[in-house]
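Next up: a single chain in structure tokens, the form predicted alone.
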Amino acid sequence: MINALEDYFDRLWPITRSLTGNGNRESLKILSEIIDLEINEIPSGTTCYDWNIPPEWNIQDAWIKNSKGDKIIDFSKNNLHVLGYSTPFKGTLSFKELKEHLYTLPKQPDLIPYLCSYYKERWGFCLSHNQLLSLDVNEIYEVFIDSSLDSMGSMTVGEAILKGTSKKEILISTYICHPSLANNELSGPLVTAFLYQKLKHLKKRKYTYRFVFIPETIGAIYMLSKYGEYWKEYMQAGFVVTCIGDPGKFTYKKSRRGNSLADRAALTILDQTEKNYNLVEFFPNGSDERQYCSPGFNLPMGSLMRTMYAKYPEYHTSADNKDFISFNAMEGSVNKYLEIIELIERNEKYINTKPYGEPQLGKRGLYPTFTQTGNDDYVRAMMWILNLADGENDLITISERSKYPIKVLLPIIDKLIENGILKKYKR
């Protein structure tokens, strides 16, 4: 998987993505080689609650030349150089006039910032602060931005469904609206696509899985306008996948509910498989969890990340590049999400079919017939399962109360079911 992750990263990296445009279409087409995406176009101007789908933005070229004709800023060399959604412009400006349209990070003087102006028309360039300081204030500069804003365009979204035996859904949501940013952008779509591949090959799925690839904020609001009422009834858990490719320790941000199935499953797996991780309570900023968890929906959406957005200095800068991420870590992120989902799939409430005293386990070969070191934990775990299998406690609760990890409990549960002593609780 590691080599495939890197190959797809390299293909996706140079593409200019935004809320809309051909870069998003090209990216989703490439991702469709991994995940069976249905790609849809949502017309600009479409109303979704308090928002409207913006005009489609595309850009072909942009640069600034000095009086010698040298390109001192060149979009073709780094697509972060152009302010996202810049309007077209062509003209000759003094340094004083040009400076009003230049954006830098004075506290990180060697880095190019990632900035955009989606909902107010303006044009601009992003550059390192040191480069700004090197510009000749007496120079005359030629500026060119070959871009377009099309009110008759559309926003492109991708969606894939893996059907289960139930209509109840697990939502996996990621975004495709950033240009060349590695952790804050490409890690999410890549981890999501490869997670789909893993889930596709599960022999049996209890839940139906919906994967969405959307531009941040407006894409989630559009999806809520389409599925929100349905999700309020059928969504059991969901995750926003972002900032999941760096080598830092995992971070889990809870849903607004605070104790949703997504939260409980993620924290159980992290508690049992990671030496340490960061736990963040829900707050109404960040990524698309703030849309899914808005009060009108309050969906059970959490987010498993590594280093959280805005918590690493490379965030939204040119330093969030291939050198910052780890494909080993990205593979680990795919597998960690898979562990969480496998727990969600197996999380059931159980009924002890022989609840009056302990069942006779020995005659079924489930209890040691003589004292032997090494059997104690197995027997204790079995007793916990049988005692808590009253139709009220699910697998996660049994694990929490017994202090036995999921990987210990599941084989015992399977053995008890096989022997008719345990059965799944049917509501």
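Bear in mind that the values here come from a model prediction, so they are computed numbers and not experimental data. A residue's number is simply how far along the shown sequence it sits, counting from 1.
Below, we turn to the form predicted in complex with a further copy of the same chain, even though it does not appear here.
- The closest heavy atom approach of Trp63 to a further copy of the same chain in the predicted bound form falls outside 4.5 Å.
- Residue contact check for Thr165: none of its heavy atoms lie within 4.5 Å of a further copy of the same chain in the predicted bound form.
- a further copy of the same chain is not drawn, but in the predicted bound form it has a heavy atom within 4.5 Å of Met383.
- Taking the partner from the other structure, a further copy of the same chain in the predicted bound form has no heavy atom within 4.5 Å of any heavy atom of Leu270.
- In short, of 118 to 126, 187 to 195, 338 to 346, 239 to 247 it is 118 to 126 that has heavy atoms within 4.5 Å of a further copy of the same chain in the predicted bound form.
- With the partner omitted here, the residue from Lys226, Arg205, Lys322, Arg290 that has a non-hydrogen atom within 4.5 angstroms of a further copy of the same chain in the predicted bound form is Arg290.
- Residue-level contacts in the predicted bound form: of Trp231, Tyr114, Tyr312, Tyr209, one residue has a heavy atom within 4.5 Å of a further copy of the same chain, and it is Tyr114.
- The candidate site formed by Phe297, Asp390 and Arg401 is fully in contact with a further copy of the same chain in the predicted bound form, as each residue has a non-hydrogen atom within 4.5 angstroms of it.
- Contact residues in stretch 302 to 334 (any heavy atom within 4.5 Å of a further copy of the same chain, taken in the predicted bound form) are limited to His316.
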